[in-house]
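As a starting point, one isolated chain is supplied in structure tokens, in the form predicted alone.
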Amino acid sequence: MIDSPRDADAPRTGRRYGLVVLLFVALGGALSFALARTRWWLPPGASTQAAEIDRLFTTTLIVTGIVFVLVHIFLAVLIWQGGRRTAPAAYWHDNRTLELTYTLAPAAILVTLIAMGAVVWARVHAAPPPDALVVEVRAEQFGWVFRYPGADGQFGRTDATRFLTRDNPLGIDPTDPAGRDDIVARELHLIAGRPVHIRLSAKDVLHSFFVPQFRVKQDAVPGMVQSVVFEPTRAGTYEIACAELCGVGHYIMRGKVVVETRGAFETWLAAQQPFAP
């Protein structure tokens, strides 16, 4: 049987289409990456942890990107060669060397990345330093409440079942002397260069404390207190977002965190009304 000219040109046409698709994917990927870098990339870091997390993110992106490109080049070469072959494909039952290579190599890469992530995770969730500013943060539908200890450095007791009112949103026990100088605020103020220990809780449903510039994201679970430690490094005003779909008003659950000098922070704190002056 003699192949028609159209049949003889089919493999060549297929390879041309494949090359066009490959160039389109490569060009689209490069343009998408460039556009993402200019418009949707990570905001500038504003905490000591941000540099470590960004470094880990970049390393992961480079390693997985190299593997992605190599795997697809390998697949393209196989398809290209397969289209040129006329003999039946070779078959073998197993190849121990090949199987060990494509099993152990990805495993070693993944274990290395996971170990690097575990080191960063341990640093972010390490015990707070003694000089850390302790702030209680409570998430609720749909807002944030912050509490600072007063001059005694202690938080007063809370009992939401007995003392929770509009004027006492955290349910601070008015009979506890330790709570009389507590400061309850609707803005989070922090000191640039001083570590912060956030004690995070939720009043009603699952929320998530998320400040992209600090690279901090921690879920707030009702009935639990989560610890978050970080150190803001750059003065400015940042937005706190709830990163969990927590109800119909989720979109308005936005808070504000102000990072300022120690003097400005103490001035702001002195201007706040204690719970029971």
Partner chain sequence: MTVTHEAHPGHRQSFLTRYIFSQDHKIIGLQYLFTSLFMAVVGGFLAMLIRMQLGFPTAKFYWAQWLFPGGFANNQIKPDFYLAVVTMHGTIMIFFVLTTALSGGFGNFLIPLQIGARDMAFPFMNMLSYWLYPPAIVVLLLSFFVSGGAPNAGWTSYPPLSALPNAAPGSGLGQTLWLISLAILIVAFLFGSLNYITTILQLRARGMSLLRMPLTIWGLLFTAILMLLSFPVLFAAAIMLLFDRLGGTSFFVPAGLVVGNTVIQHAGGSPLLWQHLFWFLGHPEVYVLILPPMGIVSEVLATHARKPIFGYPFMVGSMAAISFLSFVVWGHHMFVSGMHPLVGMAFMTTTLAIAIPSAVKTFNWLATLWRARIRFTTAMMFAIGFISLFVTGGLTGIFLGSPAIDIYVHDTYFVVAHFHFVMASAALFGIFAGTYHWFPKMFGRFMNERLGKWHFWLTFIGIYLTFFPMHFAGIAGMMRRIFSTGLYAHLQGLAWVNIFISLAAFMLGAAQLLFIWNLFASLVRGQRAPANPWGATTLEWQTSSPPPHGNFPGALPEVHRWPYDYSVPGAPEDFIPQTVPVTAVPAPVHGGSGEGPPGGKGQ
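What you are looking at is a predicted structure, and each value in this text was computed from that prediction instead of being measured. C-alpha atoms forming the largest set that superposes within 1.5 Å between two forms make up the rigid core. Positions refer to the first chain, counted from 1.
What comes next is about the form predicted together with its partner chain, which is not displayed.
Asker: Its partner chain isn't shown here, but in the model of the complex which of P174, P129, G83, G153 has a heavy atom within 4.5 Å of it?
Answerer: Of the listed residues, the single hit is G83.
Asker: When its partner chain is placed as it is in the model of the complex, which of 110-118, 129-137, 191-199, 178-186 ends up with heavy atoms within 4.5 Å of it?
Answerer: Answer to the contact question: 110-118.
Asker: According to a 4.5 angstroms non-hydrogen atom cut-off, is V145 in contact with its partner chain in the model of the complex?
Answerer: Outside the cut-off, so no.
Asker: Please check if R157 has a heavy atom lying within 4.5 Å of any heavy atom of its partner chain in the model of the complex.
Answerer: R157: no contact with its partner chain in the model of the complex.
Asker: So, in the model of the complex, is V25 in contact with its partner chain at a 4.5 angstroms heavy atom limit?
Answerer: Close contact exists here: in the model of the complex, V25 approaches its partner chain to within 4.5 Å, heavy atoms only.
Asker: Given that the partner is absent here, does Q226 sit within 4.5 Å of its partner chain in the model of the complex, heavy atoms only?
Answerer: Taking the distances in the model of the complex, the answer for Q226 is yes, it comes within 4.5 Å of its partner chain.
Asker: In sequence order, which positions of 237-262 have a non-hydrogen atom within 4.5 Å of its partner chain in the model of the complex?
Answerer: Contacts from 237-262: E239, I240, A241, C242, A243, E244, L245, C246, G247, V248, H250, Y251, I252, M253, R254.
Asker: For a quick test of reading the superposition: does L269 move by 2 Å or more at the CA between this form and the one not shown, rigid core aligned?
Answerer: For L269, whose C-alpha is compared between this form and the one not shown after core superposition, the shift is less than 2 Å.
Asker: Using a superposition on the rigid core, decide whether the Cα position of A26 changes by 2 angstroms or more between this form and the one not shown.
Answerer: Yes; that C-alpha moves by at least 2 Å between this form and the one not shown.
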